[in-house]
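Below: one protein chain in two forms, given as structure tokens, structure 1 then structure 2.
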Structure 1
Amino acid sequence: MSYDHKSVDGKWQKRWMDAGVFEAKEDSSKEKCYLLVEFPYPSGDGLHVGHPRSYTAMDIVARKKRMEGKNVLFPMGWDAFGLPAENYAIKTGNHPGTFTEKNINTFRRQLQSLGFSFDWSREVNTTDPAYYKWTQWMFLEFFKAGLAYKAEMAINWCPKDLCGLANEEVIAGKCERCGTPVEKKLKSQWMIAITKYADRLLADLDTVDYLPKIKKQQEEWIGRSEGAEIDFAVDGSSEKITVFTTRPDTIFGVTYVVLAPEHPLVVLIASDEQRGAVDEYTASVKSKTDIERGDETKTKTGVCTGAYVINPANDEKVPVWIADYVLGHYGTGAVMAVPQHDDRDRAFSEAMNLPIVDRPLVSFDEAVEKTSGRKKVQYKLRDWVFSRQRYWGEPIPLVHCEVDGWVAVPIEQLPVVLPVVEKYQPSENGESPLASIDSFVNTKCPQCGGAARRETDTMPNWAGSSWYFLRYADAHNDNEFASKEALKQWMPVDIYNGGMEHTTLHLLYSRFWNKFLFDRGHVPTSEPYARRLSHGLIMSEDGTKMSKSKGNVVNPDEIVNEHGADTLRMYEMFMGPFSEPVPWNTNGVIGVRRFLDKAMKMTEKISDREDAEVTKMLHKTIVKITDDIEGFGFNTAVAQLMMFVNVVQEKGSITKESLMTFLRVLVPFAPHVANEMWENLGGEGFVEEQEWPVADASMLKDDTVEIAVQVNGKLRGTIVVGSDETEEAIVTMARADENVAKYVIDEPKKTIVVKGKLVNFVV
């Protein structure tokens, strides 16, 4: 007989909701614990089985912490601006908000069907004007601090659709929709100066507890290099080429200088004979991505400019080349090439038949001085392009006035609400669809009252998610993004779990955003997350990525319908180590369901007495589950729960008290089953309202004992044996011990055994 999961799941979900048991309280008498999982983008596909992996894990932690007496905040919301909704709107002409709302309802229903203990009273939605009012307000804080500025930046441009494209819409250099090769188009964009925080974003990694691989990825993304800028005068011209080098000590080995194809000096210095070849080469690299350009496995390409520069260290004349392995937007976009010491320069020299010379190194400092160079710290991190020429994003709350320039929309006028438009397509010159709505664009300058035009660009998807963890602290506040008291109560987030794919963008953006708000006195901590963990992806049964096109996506609704919420939750925890990728296995799902049926049947085995094994196993299980949850070892925790149920089945009975204690460690994993059993046993309220059990130390004594082995009364060794081992076996093991054996060559005259303590051989 298997339990009726449909009625059990629904019953407990309704009771939890009605009683509001998971709502966080503003109660500073209890220690707070803020647990955060990345809020999902509510896509049209609904929940993916990957989502519950992260959510179940943190739900287990949340349930345990509450039972340990902590005041837990475990919230959920929607990161709901995004391309799929926008593309749906372009295709159907419907408002992207309609699509988004429908998807949110589906997601909410699905998450609730899994029994997660989220505090639904604090749900946030980044597309809600009451929320994005504060995203806009924060943008204005950046603007007022001088960290938001305008710059010409290249955007991806589809010349057929006449439309700017997000990076995700460029597939192998082509427009995702029509397959036309994508071009770069210069556009004036809002930028945010995240690079001003590069050093602190790096240094403060020492103050947080992130998985080592996450820290490393952040460090590499920020990419701090110490080096120098050195000027090379162009021969026969007043121009100079400035290079950035991390190895000024190699200056005597320079055999040529390379410019990136997009370097502004390229057109100025190319000789008449080389001009044609230079133009041709420059055009040929236009559509290549940085990754293609940096590909170490491809033969290097380039062209000489016909110009020469003078090495400032030794006055040697060396040629200037153009090559795409030098990137336009790193350092100065120009490199002094030292094939003797640099692999890329050597590969290029070999491809182009350029000389490689063998020259001594000079000290660091000496090289910089000799060349009148300047020491320089360089970062890979770029400032954040914050404009999108799209509809479905937060309008940038600025107004342009001929007299006053860019002016902030006054706070009383926030939010600047997305107006209703007829067409969601960007305009033919690449402007956002907002640009064609005169009533939106034409406004008055808040400063001088004269005619002014609104900014029509919107913010990137990353904006709303850069501060959502702050809003959860005080989700319904209309006067502030969150009150100072609420932020002080909850921040920082104690544990934040999310995907490895968000390590460099979302995680870095939100750390930066929080640091900036901290500097402005708006939040109480400089770092938003004390601890960051990451879950491994769920792959399909054959180990490949689940994808709609391959038809190998598992639908969580189907598993919940067929086997119940607790089966999906426990299976996802059992399938493998939490931070490793793991393949889906339908047989594994069925196995977990069988375990839950077996667990349910323990209520039929209640008796006044139980085998000592059962008692002992219970206490071991408490210790194991307690430790495993702390260490995110969920798969081994589930294995322990299974072992316990097996022992009870084998021994045939369990006391009511033991079973009710077991339910307290089962409940984080299988909350529906645990509560149902609790009720069947006459338990009051919810299992979640009980205290987390503590193991009885005397029950944890090991099943083995250490025995001293003496020869003629002298200690010669120790052996570890099972506590119920026979005397004969103990003597055999004692004699076999290598430290003992050399003293007991012949048959001993006498063998004395003190049970559980000692063996003495008299020889």
Structure 2
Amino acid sequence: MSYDHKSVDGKWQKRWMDAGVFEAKEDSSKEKCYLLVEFPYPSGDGLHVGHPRSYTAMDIVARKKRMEGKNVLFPMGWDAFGLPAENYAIKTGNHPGTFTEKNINTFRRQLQSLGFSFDWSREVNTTDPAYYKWTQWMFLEFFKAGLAYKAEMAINWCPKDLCGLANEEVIAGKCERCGTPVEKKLKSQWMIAITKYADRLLADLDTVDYLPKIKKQQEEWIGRSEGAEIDFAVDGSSEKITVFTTRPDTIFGVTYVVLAPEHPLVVLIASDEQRGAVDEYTASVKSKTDIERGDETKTKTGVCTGAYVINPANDEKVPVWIADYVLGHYGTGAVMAVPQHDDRDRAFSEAMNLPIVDRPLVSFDEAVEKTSGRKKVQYKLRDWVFSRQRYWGEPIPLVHCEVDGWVAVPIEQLPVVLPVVEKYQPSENGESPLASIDSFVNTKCPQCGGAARRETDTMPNWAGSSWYFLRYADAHNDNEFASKEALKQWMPVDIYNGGMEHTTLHLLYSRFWNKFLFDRGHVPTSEPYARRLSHGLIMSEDGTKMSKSKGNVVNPDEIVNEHGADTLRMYEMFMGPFSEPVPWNTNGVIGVRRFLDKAMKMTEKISDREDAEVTKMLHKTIVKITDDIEGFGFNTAVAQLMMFVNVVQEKGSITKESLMTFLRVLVPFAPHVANEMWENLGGEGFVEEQEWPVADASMLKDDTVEIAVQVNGKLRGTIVVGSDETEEAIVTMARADENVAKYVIDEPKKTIVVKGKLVNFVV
């Protein structure tokens, strides 16, 4: 018997679906376990082999938790609004709603073809009006609380797409989608005051179980620092430059002051001789993102303004420079440079041939008092730019009335439905396509009944993904985004896994969103995720990133069609450590398929008796698989499964009872094969409905153990002894070994015994 995947896979997928075996129960007395994977953007290309890595890992955990008696919620949905869909619509002339639905159907088919145990009864879609009604309602909660406000600010602007871009949508100064150099443009935008939550977003990291590198990303993005603001008078002018510094104690070592190129004083203080150079440098910075400007590995650039300021601590006159490593929106947009005590300042000084002086430090309080400074806490975190001048997104549910100003759309009028339009292109003046639809724009003020105009900007794609984990708890509730009872039952998410690229902004935004809802009394926990993990990318065979343009993307459909779903599932777990990037290897796929065929053939080796080594190996396998799933060590778990099958093949027999026990630890990894074998052996129901096996502790002891024998720390030989042998006997046998005896002629000065591992003679 071998794994006939073309008949086996579909057979069990249909049975699971028909039986609803993976649907979470609302009225269960079992302990809840909420497992979450990032829901995908359903692109036209369908799944690539990188997606199943995360999904398979969490599916393994979900299946094991169910077998351990937990009431598991393991849902799936679609993050379907955003710029990629709209650009594709503009390019092809297809309405984004039409092909988004088609793409979702493709993704769903592919996910189901891999046998993932998602609870499909709770499927969500961010573009569904029944879903984004509540996204709009939540925005209005921000608005009513004073956290959503409109402000003019400089944004990343793509002159081709005619759209504002988030920092993460700009790569090397160019639009991520079309490659056009990005400009800075002043634009009136809706903002959400995430900065008001900065301290809590930092402090509450101590209450959750995140990978250290994920916590570090959150901390660095928020960027809290304590320091002082100090005023430097501009020489020969009534103007002053206020700097923020975390090291006021270094005030005597200041050799220059640096302004951000966009600082308003640059225009006022630049000398006539330096005006041309300043203007040229300022223009060159406009296409750079904050991330690029903050890159410590890049060579420092800047230009002198020709102006000077007076150090308030010692009345020294120091020059004023502009440099792109200083950001206009961080702190005051100005820093005092002390190259003696700051690596970044030193690098700039060396690049510009500026002096570095050795001056004494003063106390924190003394420096602030001497300079008339002001103690201050500062953050890198900026308020969230929430407007997009695009079509394919949630309409912002506000209207503007000449009498009442900005007014919220009443809840009974939600959702404000995104109208179906033929023209998706933004206008030349940077307005959303919605601005040209009179029937959408013109409305009545909900407050006074007078003429009003709807807001035509839409929300960013981050909006729908900032709360989707809450909707899964009660996905079909028409009266609220989720009932308090359902949220209390399921929240917080027990384990959340996703890509490292989303462990900064998406994680930060969704934590903030949840905290705000918690403060408003709508959710039961301040933190949404108890545990956050991430997985490494699957690279191409040459170690480069997979991309359609390079033609090196592997389609999972091809692997499933040729080798079966369980082959792809197990191979992606076997490739390497889950958190690390790993290269694709077609030969590895074939090797896993051969293992599954060998596993299927174990039914041919059933006997009334089995070798003791098989029994012992089975119980070791139970322990190993149990521990590895909990620790996300899936590659070593698969290796253990392979070792067990090899032992059975070597010994030639296995009892039916042992084989059926083995299938209970195999099923999370290879559910189609395990269930097919289970049925062939006469097992009732699904393997997933059985209890997770527990190892017999007496079977875990080895009868013998190999001991390393060292002399003065150098390995000189090995001996095999009984696992219950006395220490005295072990030392005697170690000295007697012919490879050791020639080095231990006289009585050793010291004998060190590490039980079960080594003996070391010091001579």
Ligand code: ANZ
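For clarity, a rigid core is taken as the largest C-alpha set superposing within 1.5 Å between two forms. On a predicted model such as this, the values are computed, not experimentally measured, just so you know. Counting starts at 1 and follows the sequence of structure 1.
K.L.:
Only one of the two shown forms is the form predicted together with the named molecule, so please name it by number.
P.N.:
Comparing the pair, one sees that structure 1 is the form predicted together with the named molecule and the remaining one is not.
K.L.:
Take the rigid core as the frame of reference and indicate whether the C-alpha of D324 shifts by 2 Å or more between the two structures.
P.N.:
Superposed on the core, D324 moves its C-alpha 2 Å or more between the two structures.
K.L.:
My question is whether E38 is one of the residues whose C-alpha shifts by 2 Å or more between the two structures, given a fit on the rigid core.
P.N.:
No, the C-alpha position differs by under 2 Å between the two structures.
K.L.:
Answer yes if the Cα of P312 shifts by 2 angstroms or more between the two structures on a rigid-core superposition, and no otherwise.
P.N.:
Where the cores coincide, P312 still shows a C-alpha shift between the two structures that is 2 Å or more.
K.L.:
Any chance you could measure the C-alpha shift of V234 between the two structures with the core superposed, in Å?
P.N.:
Value for V234 between the two structures: 3.2 Å of C-alpha shift.
K.L.:
How much does the C-alpha of T732 shift between the two structures, in angstrom, given a rigid core superposition?
P.N.:
Spelling it out: core superposed, C-alpha of T732 shifted, distance 6.7 Å.
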